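First, one chain by itself: the form predicted alone, in structure tokens.
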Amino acid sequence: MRVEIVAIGTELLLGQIADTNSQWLGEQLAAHGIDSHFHQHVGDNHARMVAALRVALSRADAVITCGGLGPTQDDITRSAIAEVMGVSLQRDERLALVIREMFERRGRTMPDNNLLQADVPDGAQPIDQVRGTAPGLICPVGDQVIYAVPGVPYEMSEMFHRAILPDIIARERAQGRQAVIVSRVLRTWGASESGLAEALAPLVNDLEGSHEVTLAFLASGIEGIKVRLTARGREENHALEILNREEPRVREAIEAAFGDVIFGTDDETMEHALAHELIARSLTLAVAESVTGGLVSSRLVNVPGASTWYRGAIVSYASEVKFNVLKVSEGPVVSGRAVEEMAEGVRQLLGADIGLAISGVAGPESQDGEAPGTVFVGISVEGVVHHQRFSLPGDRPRVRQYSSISALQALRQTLRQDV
């Protein structure tokens, strides 16, 4: 079944807000084996909205609109859909009562404009609202359908799972063409998108020739490159069987080309992956940060139960703190020697098994003869000390973020080498 998404709102065209709804809906549709080949943006203009809906219906079985269901003058999605259906709007008194009661429960007076949200195209089925005031809509257009949901993300997502996805699946089953799609994401750090694509090119061609599995590369900024495997099967178990068969081949090709760059699967972050390695070895960690200014520590404490293995951090941004607190030798602080001494100093100071240290140049000026983007990571594992040097791209905020995940990856790889 083909589904097109139409995001409504002039603010989207002006760049005042990002269209995260279409992105989220696209992910959800793909995860359930539903094709979505086109997304549109259209402003709050009745004629252009009608035109956008008609174009969408010309190439899709179903359309999901996001936005334009509020109580103000520019919320005209209902009237645009009614025109496409060739019907008029009718006031649904049950919905009107629900909206009134929602305001009463909150101790607020309902503006009369909110009753516009109870207007429904004749023949459409309302989707009751449970998180706000704007009901959604299921609107038949011949053998096709338009779904309308609010633009508020948490209202939209709830309606999608409760009402829209079950309706789409029921329509697919009635047409005898439902397939099950499952996906798995391999998360990498340390390889480029183009490098991964080149290394996996023969496998990509082989998999896509089978029409069972596809590979996609998703650049995720400071979280690295994601490699997504998607398998289509007759049922979920069949799709999972295909996925489990092909995933090891993808891992093997990546590791052969780049080494240990796959750090997690699906939603597993770098800090969760590192926590797994520390817990498995019953090791504790302390961190000394300079260029990252606390970003590493902030990531680590995102992991539930971090207090069992994470001792804490010293944010030694000033050189004097490195010298006086961490007992770093006088001299350049952006260097391999400095981060090794920082790592050993914080390990001893906080009584941890491992010390991790980061120092570098975020820019825009050079420091200690090193160019912006130069970062040193020091690691002390029970007194065995070494360092790595990185040249990272981007402006000051990106260098600091890249430094954080690079340091965590360096430690994760060290632990997996059993140093």
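It should be emphasised that the depicted structure is a prediction, and the values quoted were computed from it without experimental measurement. Rigid core here is just the name for the largest C-alpha set that superposes within 1.5 Å across the two forms. The first residue of the shown sequence is 1; numbering continues from there.
This next part talks about the form predicted in complex with a further copy of the same chain, which is not shown.
_Please determine whether E193 contacts a further copy of the same chain in the model of the complex, using a 4.5 Å cut-off between heavy atoms._
Output for E193 is yes: heavy atoms within 4.5 Å of a further copy of the same chain.
_I168: touches a further copy of the same chain in the model of the complex, heavy atom cutoff 4.5 angstroms_ = Flag for I168 set to no.
*Is the gap between A96 and a further copy of the same chain in the model of the complex 4.5 Å or less for some heavy atom pair?*
No, no contact at 4.5 Å.
*Please check if G336 has a heavy atom lying within 4.5 Å of any heavy atom of a further copy of the same chain in the model of the complex.*
No.
*May I ask whether G26, S297 and L349 all come within 4.5 angstroms of a further copy of the same chain in the model of the complex, judged by heavy atoms?*
The answer is yes: all three residues contact the partner (heavy atom, 4.5 Å cut-off).
_Give me the residue from C66, V377, V42, A62 that has a heavy atom within 4.5 Å of a further copy of the same chain in the model of the complex._
Filtering the options by heavy-atom distance leaves V42.
*Residues in which of 271-279, 213-221, 239-247, 135-143 have heavy atoms within 4.5 Å of a further copy of the same chain in the model of the complex?*
The contacting stretch is 213-221.
*What residues, if any, in 219-247 have a non-hydrogen atom within 4.5 angstroms of a further copy of the same chain in the model of the complex?*
If the 4.5 Å heavy-atom criterion is applied to a further copy of the same chain in the model of the complex, 219-247 yields only R228.
*Is Q40 one of the residues whose Cα moves 2 Å or more between the shown form and the other one, with the core superposed?*
Yes; Q40 is a residue whose C-alpha shifts (by 2 Å or more) between the shown form and the other one when the cores are overlaid.
*C-alpha of S406: shift of 2 angstroms or more between the shown form and the other one, rigid core aligned?*
Not so; S406 is displaced by less than 2 Å.
_Aligned on the rigid core, do the two forms place the Cα of G394 2 Å or more apart, comparing between the shown form and the other one?_
No; that C-alpha moves by less than 2 Å between the shown form and the other one.
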